[in-house]
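Read the single chain below, which is given as structure tokens and is the form predicted on its own.
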């Protein structure tokens, strides 16, 4: 490995250490209470080192936010190979659950953690990464509608309703609220609830899919 390649690898390793420390502290202490000095102490370097990579903690949060959404969008994008629209929507829901449960810290940062919207590179109060993922959901819902599902209901409202349910479902799991049942059936409850939700929104269609699975 040449000198240039080694230096680039070292830079990427340092960038990763900074991002990982920032994510942990943002979630533990909150965005407002976390400082560049805190992050520097966590990786045992000076604040000046972090400023070589990121100009401030807003840029750090934005980098983490983008990384998280790119990963989720790649996961959700896999449903494009599913031909039947409602099955595609159902598969997207399963992918959403999978992403949230496998990446709980990232999901928390994306949808739960309180942070000023301007840190997410918003313009005119538009949350760009969130809007892109929501538009992906709207596209699939519109395809379902064109295929005869949802009885010509408003696509945006239907999409928001679906997302609100999915977010609520994974959040009560990730925040350990399902522990109130006092058993080890948390994942089973998640899956059962999701199946029931699918049945509910599909009940007026003529093509139930769960019986074929």
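None of these values were measured; they are calculated from a predicted model. Here, rigid core means the biggest group of C-alpha atoms that superpose within 1.5 Å across both forms. Residue numbers count along the first chain shown, from 1.
This protein has a second form, the form predicted in complex with a further copy of the same chain, left out of what is shown; the following refers to that one.
Screening 27, 42, 160, 63 for any heavy atom within 4.5 Å of a further copy of the same chain in the model of the complex leaves a single hit, 160. Residue-level contacts in the model of the complex: of 68, 169, 50, 144, one residue has a heavy atom within 4.5 Å of a further copy of the same chain, and it is 169. At least one heavy atom of residue 177 is located within 4.5 Å of a further copy of the same chain in the model of the complex.
Using a 4.5 Å cutoff between non-hydrogen atoms, residue 101 does not count as a contact of a further copy of the same chain in the model of the complex. Put simply, residue 201 is close to a further copy of the same chain in the model of the complex: some heavy atom of it is within 4.5 Å. Among residues of the shown chain, residue 154 is one whose heavy atoms approach a further copy of the same chain to within 4.5 Å in the model of the complex. Shown here without its partner, the chain carries 54, 74 and 140, none of which come within 4.5 Å of a further copy of the same chain in the model of the complex through any heavy atom. Once you line up the core between this form and the one not shown, the Cα of residue 177 stays within less than 2 Å of where it was.
Core-superposed comparison between this form and the one not shown: CA of residue 58 displaced by 2 Å or more.
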